[in-house]
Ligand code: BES
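Next up: just one chain, as C-alpha cells, the form predicted alone.
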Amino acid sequence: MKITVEVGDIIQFKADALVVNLFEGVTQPGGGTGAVDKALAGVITEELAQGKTFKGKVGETLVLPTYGKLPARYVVVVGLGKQADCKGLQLRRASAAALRACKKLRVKTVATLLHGAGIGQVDSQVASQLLTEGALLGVYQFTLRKTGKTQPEEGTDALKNPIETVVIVEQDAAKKEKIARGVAVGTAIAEATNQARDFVFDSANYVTPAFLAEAAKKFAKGDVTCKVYEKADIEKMGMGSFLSVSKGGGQDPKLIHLTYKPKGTPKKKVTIVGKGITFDSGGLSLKPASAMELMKDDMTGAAVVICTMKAIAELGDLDIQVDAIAPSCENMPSGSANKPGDIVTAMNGKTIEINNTDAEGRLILADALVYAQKEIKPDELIDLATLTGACIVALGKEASGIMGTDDGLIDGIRKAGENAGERYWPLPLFEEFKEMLKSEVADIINAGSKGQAGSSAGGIFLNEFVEEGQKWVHLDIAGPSYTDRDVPEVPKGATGVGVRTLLYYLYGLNAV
C-alpha cells in the first residue's frame, strides 16, 4: 500500500473512498468534512443529531454511500475523540480504524484529509507521520503462508489488504513537502514494525538463526553495515554462556551485528541488543505443551533490533552511531543440551550455574552485553527481550517492564514509548535481589527467584554483565510482544513492540 500527497479539494478528488474526520461532541461539521457533508445533503449532520451509531469517539467509523453525489463511492467518517486529547495515540488509532473500514469495503484507492493538523502542537508533518503509521499498522495481517485463496470467506479477512493507494489531500501547496516528509518517516517506522511482526508471526522452521542473519544482511544498505559471526567465531570470542544454549538445537548459533555510522563524528553511541531464541522449548527444563505453542515469538527482541536498523538504513539522517546486536539460536532438548547443574563461563570470565535451562534468554544476552561493551564501548546500552513470564504476571500484556542503571535513560525510553504508543513500567533492581542469584559452586546462578520478583531477578542477572558506570536499560517485552486483544493499530497476534519506541527515541520524535 502506497501513501502519497496531492494538492487539491477533497470533494473533487476521485477515489473509491473518501476519509474525513470529526472530533467528539461536534454537531455541525466544518472544513473538509463540512464540505463533504454539504455535498451529501447534510447526511453526516443528521447522523450526529441522532447520536445512535456515531459520536466521534476515537476510532469510531461511519460508512456512507455517496449515490453519485461525489466522485467517490463511499465516505468514511472517523472519530478523533475529544479535541483536548488530540495527541499521537488518538490520531494514529483514528487513521488505523479508518483504513480498516476502507479495507472491509474492498476498495483500491482512498483519499483522506490530514487528521489533527494544526490542533495543539500537531503540525502537518507530525500529523502525516501519525496518519501513515496508523494506516500501515492498522491494515497489517500475516498472509505469507496462506495459499489458494482468491476471495475472502464470509465473515473472515482471508485476503491481503486490497487497498493499493492512499492519497493525503491537502489544499495548501506550501505544506506538501512537510507532509511528504512525514509520510516517509511514518512509512519507514510502520514498515519496520510490520516486518518485525512478520518475523514473529512466521514459524520457527522458517525463521531460524540463519534466516535472521540473511535478513539482517539484506537490510544493511546505505550507511548501515552488517557482520554475522558464525559458531567458530563465537567460540573464539569465549562466549560460553551463549554457546551453551545453542548446543541442544539443530541450528548453528549466529551473532548478528548491524552498525549505522553518521557521516561525521557521532554525538554518542547507542547500542541495542535483542534476544533471538528462534524457538524455546525450555530445553531439558521442558515447558508444558500449552506454554510451548507460541515460543516461536522468543526471538521478538532480535526481530525488533534488526528491523529498527532496517528503518534507519532507509531514513538515515542520524548524528549518532547505532549498533544492533542479536544473539540467535534455538533452545532445544537433546543429548548435548544444557543440563540443570551445568556450569558455563561467559565472555567476561564469570561462571554461571544453570539451575533452569528455560531461563536461557539471559544466558545469550549476557555474552551479547559483554561483547557490546568490549567491542563498541557505547554511551547507552539498551536490551530488549521476551525474558520472563513473571513480567506478564506483574503487568499483563498492556506494558513492558523497564529497569536499568540510569534514570535519565529510563525516562527517555519511557517518554519515547509514550509518543510511540507503547507503555513501559519501571521495575526495581534492589541490591537485596542479588541474594536470589547466589551459587554454592559458581559465581552466579541463572534463575533463583523462586516465584518472587522474577522479572527483577532477570534484570539483576543481566546487570552482573554490565560494567560499572555503563548507562544500561533492560526492557522485558514478554507481555506486549504477542497479544490476543485487537485494537485498530495493533491487530491480534505479533505486535512488533519496541521498534517504534527505539526509533522515536533515536530520532527524538514527538507525537504531540
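As the structure is a computational prediction, the values presented were derived from the model and not from experiment. In this text, residue numbers run from 1 along the sequence as written.
Here the subject shifts to the form predicted together with the ligand, a form of this protein not shown in this document.
Annotated contacts: Asp280, Met295 and Ala447 all touch the ligand in the predicted complex [non-hydrogen atom within 4.5 angstroms]. Think of it this way: in the predicted complex, the ligand has a heavy atom of just one of Thr112, Thr388, Ser128, Ser244 within 4.5 Å, and the residue is Thr388. Interface residue among Ala359, Ala368, Ala101, Ala135, judged by heavy atoms within 4.5 Å of the ligand in the predicted complex: Ala359. The chain is drawn here without the ligand; in the predicted complex, the stretch among 380-388, 403-411, 337-345, 301-309 whose residues come within 4.5 Å of it by any heavy atom is 380-388. Proximity of Ala478 to the ligand in the predicted complex falls within the 4.5 Å heavy atom cutoff. Within 4.5 Å of any heavy atom of the ligand in the predicted complex lies no heavy atom of Val224. Taking non-hydrogen atoms only, Ala204 never approaches the ligand to within 4.5 angstroms in the predicted complex.
At the 4.5 Å threshold, heavy atoms of Lys287 reach the ligand in the predicted complex.
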